[in-house]
Structures are given as structure tokens and as C-alpha cells.
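Below sits a lone chain in C-alpha cells, taken as the form predicted alone.
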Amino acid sequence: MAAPTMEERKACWGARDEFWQCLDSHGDDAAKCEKLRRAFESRCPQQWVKHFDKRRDFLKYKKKLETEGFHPYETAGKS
């Protein structure tokens, strides 16, 4: 697989940014952003889509930690 050209990278990042913006404005309701998701997947290599999905999850988790702090998970039935 050849590396994406500069134009292809810009198209991919633009599609990603539009999709993420849609998710942000709709409270992560993916159903409302399905058309943008398909555009994102069609403009980006599959490995990039997986990477960006993981990155979004990480950034949301990081923001939650920064705003709410760390709360350790407490298991039921501790002994």
C-alpha cells in the first residue's frame, strides 16, 4: 500500500474532523452522524480509522479524568 498523498491526508483529516464535530454536537449519537461516518471511512485508510477511533476514546477518557478526577472502581463483595 502506497502512502496517501497530501490531498488524500487532508481529505481524511477533514472527514474525521467533520465526523467528530457531529458526534460532539449530538452527544456521541452515532446514528445521527452515519453519513459523515461513511465519508470518514471512505476517505481514510482502514488502519487510520481504527487509530482515530481509539484516539477519540482516549481523548474523551483523558478529558473526563481531568474534569472529574480519578475514581477507582469498587468491586462488589470485597473481602
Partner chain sequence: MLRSLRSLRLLSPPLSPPLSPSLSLSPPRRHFSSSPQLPLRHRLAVTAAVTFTVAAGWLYLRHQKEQQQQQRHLRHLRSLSLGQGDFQLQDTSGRTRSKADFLGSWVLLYFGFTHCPDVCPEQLERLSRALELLEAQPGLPPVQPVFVTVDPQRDDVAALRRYLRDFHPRFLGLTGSPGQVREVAARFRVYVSAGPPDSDGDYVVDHSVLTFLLDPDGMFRDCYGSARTAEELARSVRGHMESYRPLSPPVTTA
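Note that the structure is a prediction, hence the values are computed from the model and not measured. Positions refer to the first chain, counted from 1.
Beyond the structure shown, there is the form predicted together with its partner chain, which is absent from this document and is the topic of what follows.
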Notebook entry, point to check: 25, 56 and 60: each with a heavy atom within 4.5 Å of its partner chain in the predicted complex?
Noted result: no
Next item on the list: Report whether the minimum heavy atom distance between residue 47 and its partner chain in the predicted complex is within 4.5 Å.
Entry: yes
Check: Taking 4.5 angstroms as the cut-off for heavy atoms, does residue 51 touch its partner chain in the predicted complex?
Finding: yes
